[in-house]
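Shown next as structure tokens: one chain only, the form predicted on its own.
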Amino acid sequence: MCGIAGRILASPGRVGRELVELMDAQEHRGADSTGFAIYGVPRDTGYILRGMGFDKSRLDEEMAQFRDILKEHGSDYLEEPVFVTDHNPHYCVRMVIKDPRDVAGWIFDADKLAGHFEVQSCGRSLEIIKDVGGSVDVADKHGVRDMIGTHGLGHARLATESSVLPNASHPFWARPFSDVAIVHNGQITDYFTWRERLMRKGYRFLTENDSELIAVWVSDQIKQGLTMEEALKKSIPSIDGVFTYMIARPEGIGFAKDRFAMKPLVVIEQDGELAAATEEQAVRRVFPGECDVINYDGPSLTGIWTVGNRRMAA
């Protein structure tokens, strides 16, 4: 019973504020944790990182270890890290780093710290912010409303099979593919089968949340040569379960629904902008005037919504 949302603006604006509205309207679908994936204006060089440590008493030690790994890969801070803490034992951090020599190689080594510290997103424009609690609490803690961008995703989580931990919440980054994020409502029944196959190909998973798997599965298909549209369509017969998911890249947002159409998705498109959500009353928070709602209620549906008519490239 999770709630998902996507938002596209015609030009860069306070997309964080809009996503908070979409998720506040759906908080009854799950307030164990809330998350946002924000796509800002892309950087020409350098990567924006969002990360989380699980014991703030070890913050200095863990950041020293993390910085050593950065330097081993020819990188370092371009901006000093900004930390967010509260009464919870975990801490969150935002940093901007110089381009590593090889992003996949660097994240493989950085993930050796994953028992204590996790990189939760890496991108030229993507920032994933997620934490325990409802949308308003997470937004207030992390300043989500003030984040500027062109598009993004939101998620309200009701934990069913994996832990109520901030790192197990959505959105998920498609590790190690930069600038790819996913939100998902549903359940993947052949999760462990696909996880094992992808791990044999060298991919690493830091949680047992099935949504993390979908993000990597789609990105791997694109790496093999499929377009985003082809990968979305292939996921429906290939992945078993009931699901509606949205996957975002710098060019826009794609979605796919399973063969049974069990999980709803409604959309309003107007004047080059878009709002998508699990429930109609959420999208009408963003578009309160008279406008048509598209109800994607059929089985095996896929689609791509682009930002400013950009092509969603492979």
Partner chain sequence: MSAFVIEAGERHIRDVNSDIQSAVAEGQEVVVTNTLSRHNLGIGLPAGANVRFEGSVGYYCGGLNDGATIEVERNAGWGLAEGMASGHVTVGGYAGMSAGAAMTGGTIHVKGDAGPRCGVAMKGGNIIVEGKIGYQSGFMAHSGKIIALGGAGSSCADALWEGEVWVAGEVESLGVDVVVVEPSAEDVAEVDLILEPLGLKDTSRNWRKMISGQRLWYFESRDANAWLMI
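Numbering follows the first chain given and starts at 1. Bear in mind the structure is a predicted one, so any value in this text is a computation, not a measurement.
Beyond the structure shown, there is the form predicted together with its partner chain, which is absent from this document and is the topic of what follows.
> Consider the chain as shown here, without its partner, and state which of Arg67, Arg43, His28, Arg58 has a heavy atom within 4.5 Å of its partner chain in the predicted complex.
If I apply the 4.5 Å criterion carefully, the residue I get is His28.
> Looking at the partner-bound form in the predicted complex, is Pro250 within 4.5 Å of its partner chain by any heavy atom?
Output for Pro250 is no: heavy atoms all beyond 4.5 Å of its partner chain.
> Is Ala10 near its partner chain? Define near as a heavy atom within 4.5 Å, in the predicted complex.
The answer is no: Ala10 has no heavy atom within 4.5 Å of its partner chain.
> Is Ser33 close enough to touch its partner chain in the predicted complex, meaning at least one heavy atom pair within 4.5 Å?
Result no; Ser33 lies far from its partner chain in the predicted complex.
> According to a 4.5 angstroms non-hydrogen atom cut-off, is Gln270 in contact with its partner chain in the predicted complex?
Answer no; every heavy atom of Gln270 is more than 4.5 Å from its partner chain in the predicted complex.
> Exactly one stretch in 46-54, 59-67, 33-41, 275-283 has heavy atoms within 4.5 Å of its partner chain in the predicted complex; which is it?
In the other structure, the partner sits against 275-283.
> For the stretch 243-263, which residues lie within 4.5 Å of its partner chain in the predicted complex by non-hydrogen atom distance?
Contacts from 243-263: Arg259, Phe260, Ala261, Met262, Lys263.
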